[in-house]
Each structure stands twice: as C-alpha cells, then as structure tokens.
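A single chain comes next, written as structure tokens; it is the form predicted on its own.
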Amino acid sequence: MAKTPAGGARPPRADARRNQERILAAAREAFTRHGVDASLNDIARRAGVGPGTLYRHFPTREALLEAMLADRYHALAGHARDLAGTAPPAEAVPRWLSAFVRDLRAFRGLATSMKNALYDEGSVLFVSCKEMQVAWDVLVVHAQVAGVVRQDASPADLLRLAAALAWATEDLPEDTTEADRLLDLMLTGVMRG
C-alpha cells in the first residue's frame, strides 16, 4: 500500500475499492454456484477486471476466501460470546454449531478449507478463524463445567465433527433438514442430559 508523506497508509483509490467489491461479489456468486474451486479467471471476467487486477487484490484463492469470510468468522465469534453470556449451555452449543454448519455449507468445498485453516498457522484464513475458535472454546468449556457436554469432547473435536457434517451435506439443497438431523445425531453423542 502506498505511504503518505507522514508515513501513514493512504486509503485505496475509489476505483481500486470498486474493483475489489466487484471481485468479491463475483466470487460469492461463483463460489455459491461452483464451490470454492471455481475458476479465478472466470471470477475476474465476471467482475469485469483482468486476472492481474484480481491477483493484485487477492494473490491467492485463500486470500480471496479470507476476504469473503472474515466477516462471517467474526460474526460467529460474536455469536459464541453472546450465547455464552445469555443462553443456557444446553441450548448455546447446539445453536452455535447449527450456525457454524450453515455457514460452512454456503459454498461447496468450504468445509475442507475451514478445517485446514483452523489448524494451519501459515494459512491466511487462520487469523480469521482463530477469533471464532477462541470464542467457541470458551462456550464449550462453559458447557463442560455445567455438565452438559462430555469432558472427553474437546472444542476442536466438535469443530471437526461439524466440518465433516457440513462436508457430507454440502451437495444437498440448502433448505434440506438432513444437516439438522445429522447435527442432532452428533449432539446426542456429545451432550449429556
């Protein structure tokens, strides 16, 4: 990013912001239709920019995903914190996992990308996922202290199971109840009482 004489970063030019917004909109559409492996060149074409412009804004597919998903992960982190403070643990854990699975099912292939990013500190997505993961950890520990989640079920275990569930149902229609049914089965195995 260019520097101002005082050493601060200059805000992006208006045309650069518009290009970035068009790329993100085209990526959302392409990822919704074709999954996270959608062609980046096709995304650039749909956004009305050249591939060089796309790569200048988002040097990797992962960087593009991170830009699209950072707000979602931040919202999931906030949702976990809100639930920890307002909902009984027996309700908080299922409600948060349902939101997490719903978000992972948004784009085919996202569950795999998310699962890998949660544990790879070198991943661009790791930073976005970390805030969400920390808030989730607190929610699960709170539920374990309350005796409603098995002690041998770590927060990471539950995220892996939820990612697997999302992966297994990502090709089903969005309005299907199959993901909810499978989540209920999973929770029956980890929840107490």
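Since the structure is predicted, the reported quantities are computational estimates derived from the model, not experimental observations. Start at 1 with the first residue shown and count on from there.
The protein also exists as the form predicted in complex with the DNA; that form is not presented, and the subsequent description refers to it.
Choose from 135-143, 150-158, 120-128, 35-43 the stretch whose residues reach within 4.5 Å of the DNA in the model of the complex, heavy atoms counted. Result for this chain: 35-43.
For residue 56, is any heavy atom within 4.5 Å of the DNA in the model of the complex, or not? Residue 56: yes, in contact with the DNA in the model of the complex.
Taking heavy atoms only, is residue 169 within 4.5 angstroms of the DNA in the model of the complex? Contact check for residue 169: no, nothing within 4.5 Å of the DNA in the model of the complex.
Does residue 61 reach the DNA in the model of the complex, with heavy atoms at most 4.5 Å apart? Heavy-atom contact with the DNA at 4.5 Å: present for residue 61.
Just to confirm, residue 16 within 4.5 Å of the DNA in the model of the complex by heavy atoms? Yes, contact at 4.5 Å.
At 4.5 Å, heavy atom to heavy atom, what parts of 94-110 sit next to the DNA in the model of the complex? List them in sequence order, or say none. Counting only heavy atoms within 4.5 Å of the DNA in the model of the complex, no residue of 94-110 makes contact.
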